[in-house]
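In structure tokens, one chain follows: the form predicted alone.
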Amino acid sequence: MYSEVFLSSLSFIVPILMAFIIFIFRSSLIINTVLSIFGIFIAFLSTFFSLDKINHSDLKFLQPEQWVYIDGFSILMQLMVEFVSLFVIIYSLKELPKLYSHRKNKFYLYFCSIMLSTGFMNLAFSLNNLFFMYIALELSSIISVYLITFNLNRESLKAGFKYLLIVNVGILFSLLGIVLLCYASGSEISISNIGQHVGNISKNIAFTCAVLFIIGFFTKAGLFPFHIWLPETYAESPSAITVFLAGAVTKIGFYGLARTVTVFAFNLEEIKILVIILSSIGILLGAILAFNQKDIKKLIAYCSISEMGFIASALALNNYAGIYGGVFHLLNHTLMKGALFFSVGILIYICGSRLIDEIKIRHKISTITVSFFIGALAVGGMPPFSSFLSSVTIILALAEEKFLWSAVVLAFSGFISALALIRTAIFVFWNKTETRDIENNDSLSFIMKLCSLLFAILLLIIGIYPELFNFLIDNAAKGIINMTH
């Protein structure tokens, strides 16, 4: 038993240990990269070990001595974070030396922060006690501030301060929710027993707890109406860190939503309606605001706010299809934002600007053009990309729950977001007045192109062969539903 607990714990122990090793030795960029990749590799092995143990367990979760709770949803979240962290580290190997050479003596802190944040996120996904999960979540958020402000200019410092203030104040509401729930139930609240306690407390207290959790985790995920930190933070962070934030850090907010608000939505119709109304407004608002952006990273950030509303609305539904669609779209959102932000990072790498009017590439098809267009079409939920399957699943689940109006908003907003991205792509990649050639530029790294293209290709592969990941998504959806009872 103890050996199994130890092996499962390596998913967060090793990344944190690697962070301390990097901090102590302060080695070169290459060595820091190798150490980070090694730490992520061990974390992958640990997560797959947990997955194997769950597959051979009749209960479909691991709960050693009540401290750890690892189910299908925990596994999927850990794999997503590890996957994103791995390619963020690889991408940074080329991005950092050129764009952030003035911070060369602090590169070790950059890798140290990524590993620490990854470790604490994996820890949060493994803990059973809600209070300790909150602490791990907070530690991951605080560490991310250094990555946001890494450029150390006025704009990045402002974005980092806004993130620190809004997210850490907002997430305190979820702590209040945990305290109130513990007080009302008269015992500690854990993931394994939250469904039982929610069903036994009074409706008024349950509603109050749910609202507190909504405020806290909506703020952490960057969902409307607590999204005001997200566009500026995404824009001012290094492009690799923008992928890390969009693909990993904000997903902690959805993990919290699935572990708490989803349980309340199964018991209170009012919470389900509230979440879907807020999510639908955010979906539409994000898509509309994307059209007004001159900064290409802010444009994608607003599209991201819209896309994340899809996930939140699905996680509030009282049926398997809705939860499945939400989890599936959570995975697709990570891939879409990876393809888009990695592609944009290369454009900034070549052109030196985030402003759309200043990013103009020679009329030529390139790997970056392909990656960006796949990401843009996937945002619109177009076939044959995997986001089409998750979007349709969510739309049908919303219609089944009598939220047809929300399904219409979702479909319309996806089209608007895709239109904004495609219009921008046409201007950037097919403007004939500029002579820059993204494909023949000697400074462009194969590694950076590979990262963006891989995320785009996965959107296509999963769209054509969804059964490749169906096992993980199905286990994750069932894990969420199982704890609601």
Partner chain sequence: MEIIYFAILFFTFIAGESKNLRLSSYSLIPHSLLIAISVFTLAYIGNINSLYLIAVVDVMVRAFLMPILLIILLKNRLEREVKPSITHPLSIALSIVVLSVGYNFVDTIKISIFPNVLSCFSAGFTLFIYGLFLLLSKRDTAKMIISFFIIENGIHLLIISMIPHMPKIIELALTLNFVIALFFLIYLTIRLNEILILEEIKKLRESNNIYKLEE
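Note that the coordinates shown come from a computational prediction; the quantities given were computed from them, not determined experimentally. Positions refer to the first chain, counted from 1.
Keep in mind the form predicted together with the partner chain is missing from the figure; the text below concerns it.
Novice: Though the partner chain is not shown, can you say which of 405, 412, 183, 320 has a heavy atom within 4.5 Å of it in the model of the complex?
Specialist: Only one listed residue qualifies here, and that residue is 183.
Novice: Which listed residue (201, 289, 350, 164) meets the criterion of a heavy atom within 4.5 Å of the partner chain in the model of the complex?
Specialist: Partner contact (heavy atom, 4.5 Å) among the options: 164.
Novice: So which of 251-259, 235-243, 394-402, 123-131 is the stretch with heavy atoms within 4.5 Å of the partner chain in the model of the complex?
Specialist: Stretch with heavy atoms near the partner: 123-131.
Novice: Mind checking whether each of 38, 68 and 93 has a heavy atom within 4.5 Å of the partner chain in the model of the complex?
Specialist: Checking in the model of the complex: none of 38, 68 and 93 is within 4.5 Å of the partner chain.
Novice: Though only this chain appears here, would residue 168 touch the partner chain in the model of the complex if you measure heavy atom gaps against 4.5 Å?
Specialist: It does: once the partner chain is placed as it appears in the model of the complex, residue 168 has a heavy atom within 4.5 Å of it.
Novice: Taking the partner chain as it sits in the model of the complex, is residue 101 in contact with it (heavy atom to heavy atom, 4.5 Å or less)?
Specialist: Contact with the partner chain, no.
Novice: Taking heavy atoms only, is residue 146 within 4.5 angstroms of the partner chain in the model of the complex?
Specialist: Residue 146 belongs to the contact set for the partner chain.
Novice: Residue-level contact is defined here as any heavy atom of the residue lying within 4.5 Å of the partner chain in the model of the complex; does residue 72 satisfy this criterion?
Specialist: No, no contact at 4.5 Å.
Novice: Can you name the residues of 170-202 that have a non-hydrogen atom within 4.5 angstroms of the partner chain in the model of the complex?
Specialist: Counting only heavy atoms within 4.5 Å of the partner chain in the model of the complex, the contacting residues of 170-202 are 172, 173, 175, 176, 179, 180, 182, 183, 188.
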